[in-house]
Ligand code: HEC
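What follows is one chain in structure tokens, specifically the form predicted on its own.
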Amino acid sequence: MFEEYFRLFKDFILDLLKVLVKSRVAVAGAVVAGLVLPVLLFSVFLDLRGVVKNPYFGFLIYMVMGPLFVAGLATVVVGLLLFRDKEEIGVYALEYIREQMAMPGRFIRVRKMIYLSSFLTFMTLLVIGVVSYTGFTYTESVRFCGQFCHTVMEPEYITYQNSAHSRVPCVDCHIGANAGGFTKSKVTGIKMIFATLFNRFDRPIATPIASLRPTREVCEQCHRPEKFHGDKLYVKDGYLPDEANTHVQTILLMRVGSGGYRGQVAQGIHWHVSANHHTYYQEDPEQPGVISQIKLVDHDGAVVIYQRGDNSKPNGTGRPGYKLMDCLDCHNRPTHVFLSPDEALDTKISTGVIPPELPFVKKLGLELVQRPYGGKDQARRQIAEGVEAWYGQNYPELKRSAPQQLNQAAAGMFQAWSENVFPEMKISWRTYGSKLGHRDNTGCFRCHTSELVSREGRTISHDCNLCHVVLADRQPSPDIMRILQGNRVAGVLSSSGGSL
């Protein structure tokens, strides 16, 4: 039986070759497909087993070899149909098949040939299907999004890995499951590939707030609005730039509040996204980030407009329309978070990456990481030299007794710098600002300011206690329990109806 099938397979190959040689185009396509197929199958096996970690290996498989194999098969078909000799291809002609079927004893042979042809066709389609699906999966992976265009996406990929959303795939927020989002993302991706190849991409890349998916489709899939309620205790660690690198803490009682879902009263921070009222705003096109007008539509339809300048007539600086306030108006960098020098160093000291026992290590770090460097190699070298020189001059005994700690401090400072500064993309410490909070009069103070006034002379309150209560502000080792049990907190909670 085996010899019979082997003979049939050999005859089939010989007959196929006889057909192919009648078309040079078909021969070229067959050679390409035949050479690519075994390499492609072996590469897919290695990728599925996770043997090769390089992101360009996946690109080579699914974006180069896969399409090349399909193109080879397509060339064979086109060659046989359009670019063959004038003679008919007898082995596949209908008359030949009828003749073979009519001859005694030939039916079984033809049937086996049909089975073999069907099997090879099925295997070919299976290979194409596997390559197509795995190729699609590869282009949807974090590895492809973050590592393929290494220089362009390196800042976003590194900050993504350090974020609270590091286990959420990029496509969940940036693309979505519908066909429209998929098509739009792939078209945009093709444009970015060409921009990368020809070095025509922006430096730094602009934050695509306007082109992201609607936040209600994204954020609220995990962060359910009906679960925003109550108050939250927030403790932030920091270190002073003194000799002891004094550990300090800021303790805030955050009034997370509620959006007013399921009969709850809208309150606290998430009052801004309540379903019972809507807050709209306009930005001044001549001053990006400056709110020129706010319109509040209450649950009963009452409208109050706050604007800068003359209130006797509508302010047109923010035209052509209002934007409804949503999650990203405050959480404008929910994943790709770039820290300030102070925050980056505090993080490294609190986790022990930078030894906190080294005197003035925080002060020295602030000085070194904010110097201008041309690239990573220069930054690594000059930060290490700066640490060695400073301690050699001011604490020579440490340079002799604790060289490993000094090397660790230099490596930690460089790590803090390299996770937030990318000279190749023209990204410095304050390139991407955060609107979460109110640093440098941004964030909350864009709207909560006395400069926005209604026709009745009302202003939007800028009382800090609306959103949080400061229980301790950069205090060394504050007694949290004593603070929580104090009359001040109890009075605040009872008056606000909050809960801890």
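Computed from a predicted structure; not experimentally measured. The numbering used is simple: start at 1 and walk along the sequence shown.
Form predicted in complex with this ligand: not shown, discussed below.
Of the residues Met153, Val127, Leu80, Ala402, which one places a heavy atom within 4.5 Å of this ligand in the model of the complex?
Spelling it out, the residue with a heavy atom inside the cut-off is Met153.
Between His247, Arg380, His336, Lys363, only one gets a heavy atom within 4.5 angstroms of this ligand in the model of the complex; which residue is that?
When this ligand is considered in the model of the complex, the option within 4.5 Å is His336.
Taking 4.5 angstroms as the heavy atom distance cut-off, pick the stretch from 352 to 360, 137 to 145, 68 to 76, 416 to 424 that is near this ligand in the model of the complex.
Of the options, only 137 to 145 has residues within 4.5 Å of the partner.
Is Arg455 close to this ligand in the model of the complex, meaning a heavy atom pair under 4.5 Å apart or at it?
Arg455: no, not in contact with this ligand in the model of the complex.
Given that this ligand is not shown alongside this chain, does Ala28 nevertheless sit within 4.5 Å of it in the model of the complex, heavy atom to heavy atom?
Output for Ala28 is no: heavy atoms all beyond 4.5 Å of this ligand.
Tyr306: touches this ligand in the model of the complex, heavy atom cutoff 4.5 angstroms
Contact check for Tyr306: yes, within 4.5 Å of this ligand in the model of the complex.
Wondering, does His270 line up within 4.5 Å of this ligand in the model of the complex on heavy atoms?
Yes, His270 sits close enough to this ligand in the model of the complex that at least one of its heavy atoms falls within 4.5 Å.
Is this ligand in the model of the complex near all of Ala206, Pro225 and His438, within 4.5 Å of a heavy atom of each?
Yes.
Counting only non-hydrogen atoms and a 4.5 Å cut-off, give the residues of 404 to 429 close to this ligand in the model of the complex.
Going through 404 to 429 in order - heavy atoms within 4.5 Å of this ligand in the model of the complex - there are no hits.
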